[in-house]
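Structure 1 and structure 2, given next as structure tokens, are two forms of the same protein chain, each shown alone.
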Structure 1
Amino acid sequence: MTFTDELRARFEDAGQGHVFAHVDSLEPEAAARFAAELAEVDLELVGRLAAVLEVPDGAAADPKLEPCTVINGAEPAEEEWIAGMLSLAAGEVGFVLVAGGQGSRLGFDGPKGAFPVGPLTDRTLFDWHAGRILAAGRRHGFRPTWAVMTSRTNDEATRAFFAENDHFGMPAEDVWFFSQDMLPALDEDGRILLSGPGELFLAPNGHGGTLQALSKSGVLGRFAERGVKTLSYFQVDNPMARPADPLFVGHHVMNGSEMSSKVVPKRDPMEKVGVLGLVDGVLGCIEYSDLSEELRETRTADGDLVFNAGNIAVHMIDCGFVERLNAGGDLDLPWHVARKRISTIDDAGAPIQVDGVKFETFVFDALGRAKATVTLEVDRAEEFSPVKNAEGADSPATCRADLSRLGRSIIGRSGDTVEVDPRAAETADEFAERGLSVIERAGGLLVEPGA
């Protein structure tokens, strides 16, 4: 029997017996699939998530918010730079790209990393990242390993896209894929939602899920076998992220940091970006909406915003720290709830829309658990231009314009649309040192490796 008495009893005891409402209408194959899906649901966790909903919004005490210490990345730091280069050259840094999100704001049909953003060549997000990693291997003389986190909704398509593109020039055995967990969405009463008869409404468990998935998937162990000690964490939507920055690696290593972060100064007080800061004395990310207007606007004697450490979700994370976080078997990061209208079905099987809740953990919540941290401020114009929305701020249009502007500054020209393949050069100095030439091409100027 597909839906065993034991399975039914478990769900009924947890107050979730309604998930079986439509099973009599399922074909045997669909029934078997659904039973397997149900067997994987961690009902104890679902119970804890439902309990989160019982805490009224705003029930938490008003925390004390303070700015955190930030190192200015523009200041000379030769020792750190050298330490970072040595660590990279020794192959101690492994690369972790998180690409398990749903990209719903962009609304692109396919994994977000397959989205084209090259100002001249339509180079995809994945290609930008691969190029930067390959160039780091060439620059520092090591064999890079790249782990890409997907989720169930895009895992197959992501692997296929990498295979079709010959892994963007990386040896296939150096590119690993691993998937984060999915969680059922709940209604406001904590009942598991179905997306159709015999189908749970599942959503990825947030980028905090990376820390658990690294361990659960065995990827952390495989990194250790390759001699990797620190993970360079970055997100799929920012093609300007520099995953192998010797300065960042060096600050991380020399400070004995367990988790380090890059930040950029906020554009203005109203920019809707989270800032790193101390929450009741503990380092974390303060969401835009959690900062009062007064704190948002407060400035130092120099005129800078006091809460100015805009979080760009670029981290160095020690492998030992990830192991420690997973040691108890439960990552224990706080749950964030996202309330959305969700298309589901009622007990009679009719499609309806309800107010539902998705649950996520966030990677930056691990900062407060690290014994030592480093926060490094970098130049937004060089390192941050995410593709989040279909139009307006942080969209393909702004990202292409930023990549072109960066290209112009690398080759020292103004006016044209420019695209510099990250495999060729990341900075103006590197462009000059390598003696690369600029190719004229319809619509602008292109720099390619070896050109």
Structure 2
Amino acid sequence: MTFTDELRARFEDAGQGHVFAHVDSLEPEAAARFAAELAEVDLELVGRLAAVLEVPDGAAADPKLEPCTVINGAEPAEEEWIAGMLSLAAGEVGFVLVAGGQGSRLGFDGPKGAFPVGPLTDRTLFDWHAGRILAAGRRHGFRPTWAVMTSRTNDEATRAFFAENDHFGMPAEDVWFFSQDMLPALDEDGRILLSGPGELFLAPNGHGGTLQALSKSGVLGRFAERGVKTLSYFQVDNPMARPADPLFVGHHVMNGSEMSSKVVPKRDPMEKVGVLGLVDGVLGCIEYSDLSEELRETRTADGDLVFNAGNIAVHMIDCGFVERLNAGGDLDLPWHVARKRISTIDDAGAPIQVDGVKFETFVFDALGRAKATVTLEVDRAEEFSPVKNAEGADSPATCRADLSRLGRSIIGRSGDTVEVDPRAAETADEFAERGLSVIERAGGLLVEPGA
């Protein structure tokens, strides 16, 4: 592909003609690659994003913040449990893993999902999730379908990693890959930034882009062909996520919810995690920084934090709801602005840093568009231990410790490092019912499906 007059005219008319400043210096292969990249840019969207920058920060009045209604997942709910099992057994639930990140923050070269977190083995994040999905298929008698959302930076490596590992025991035709869109970063004046001559500075469009990518890629239609009605959405960094939880599915189904969420109680008022709550009467996620010190510290008569519903990015989302959000051709979610110093080039092609802007959509903003929702509180110790940081809180070390502690609770042992393959058992009851054995291994105890 070349820099046609039509392509140049499109960018010139949009006030973005500067992107061609260095094209004469490009080798033919690089020029063709850049031309193809430019052809994919939605200049109408870029114009709308630039208009977002014209709205001054803080222009809106301070919103009214209130806690939302939360269902306690520890309370008996037999009808919901049965409804969830029936929905799973019917194959009405499909699985969507958000896995577009790299492991660079962990000092790891590769897709984050390929990072090993097994307390005793090198079991990776991808393997933990695959194991839970496969076990759900065995437990409830259905054929799971798993869609993995990648990014431009890790798509090829992710596909190769799955192939090298035989798709972790799932048939290759049941594991689908799709990528989220990338958007050009802009400077403060709304001009598209270049990362180098013939290279746009592109950034992912946020986890909300999952909902758009499902539609654009055709994956949503493929789910429908398999009879899937509801999508189980979860993120790659939390190996304790339970994507096929009958209780969660049942609450979602029986309440006619279009989008449901799992939350955990905050560890303390200062934990920097978003909480689900009402913003001017609309359900959404309230960022830690948006809560005043008074609101963060306020407690109920029982001593619980009023704003206590920590968001763990685990959702049930109806396929019809995703279709509706994409009905106009664009995703019906607000844009969030992330202002950063961005490495780019000046008019002469020299590297510089400028104040730039990236744009993202957030999946939890879809909650405010849903006709009905459910928020279910679950036990952090059983379902949430993300790998986000190289050290300290939410690190590989804390995740391995939590997985081992969970393993000890499953097999009823104490004091040892324990790893229970999720294909084997997810609870102490299941471990006992299946009559599984514990394998002594250097450094601890291991439970595997055939043991």
Ligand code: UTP
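Superpose the two forms; the largest set of C-alphas matching within 1.5 Å is the rigid core. Each residue is numbered by where it sits in the sequence of structure 1, with counting from 1. Not measured: the values here are computed from a predicted model.
- The second of the two standalone chains is derived from the form predicted alone.
- With the core held fixed between the two structures, Gly281 has its Cα displaced by under 2 Å.
- Once you line up the core between the two structures, the Cα of Val354 ends up 2 Å or more from where it was.
- Comparing the forms between the two structures on their rigid core, the Cα displacement of Gly103 reaches 2 Å or more.
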